[in-house]
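Take a look at this single chain in structure tokens; it is the form predicted alone.
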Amino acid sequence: MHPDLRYLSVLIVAAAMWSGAAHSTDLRAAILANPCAGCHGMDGVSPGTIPSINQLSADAIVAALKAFKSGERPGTVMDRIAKGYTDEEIQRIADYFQSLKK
């Protein structure tokens, strides 16, 4: 493995764990959900005007991502992001955020 890729992999896992993955039993789901933090905030709590997703149910997250993916729900960025996930990955992301609820 190229050293830069190894470094990036370590950073992704560390960031996922720092964002709450240590409480999740599915590290892959945490890694899949980690890019969400860039806009929706760590643990789904948005620091700005972008909606927080931390209080959405897993079903609501799945529905939203699938609607973005299909084009049913327009978006500026989310429609493009959602197209990069399989239905299984979308479910894992939704379950991850559900697991963070206290």
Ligand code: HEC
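The numbering used is simple: start at 1 and walk along the sequence shown. Keep in mind the model is a prediction, meaning the values are calculated, not measured.
From this point on, the text means the form predicted together with heme C (HEC), which you will not see here.
Shown alone here, residue 27 lies farther than 4.5 Å from heme C (HEC) in the predicted complex, counting heavy atoms only. Contact between residue 50 and heme C (HEC) in the predicted complex is found at the 4.5 Å heavy atom cutoff. Mapping the unseen interface onto this chain, residue 56 counts among the residues with a heavy atom inside 4.5 Å of heme C (HEC) in the predicted complex. Heme C (HEC) is not shown here, and in the predicted complex it never comes within 4.5 Å of any heavy atom of residue 45.
Contacts to heme C (HEC) in the predicted complex (heavy atom within 4.5 Å) from stretch 70-87: 73, 75, 76, 77, 78, 81, 85.
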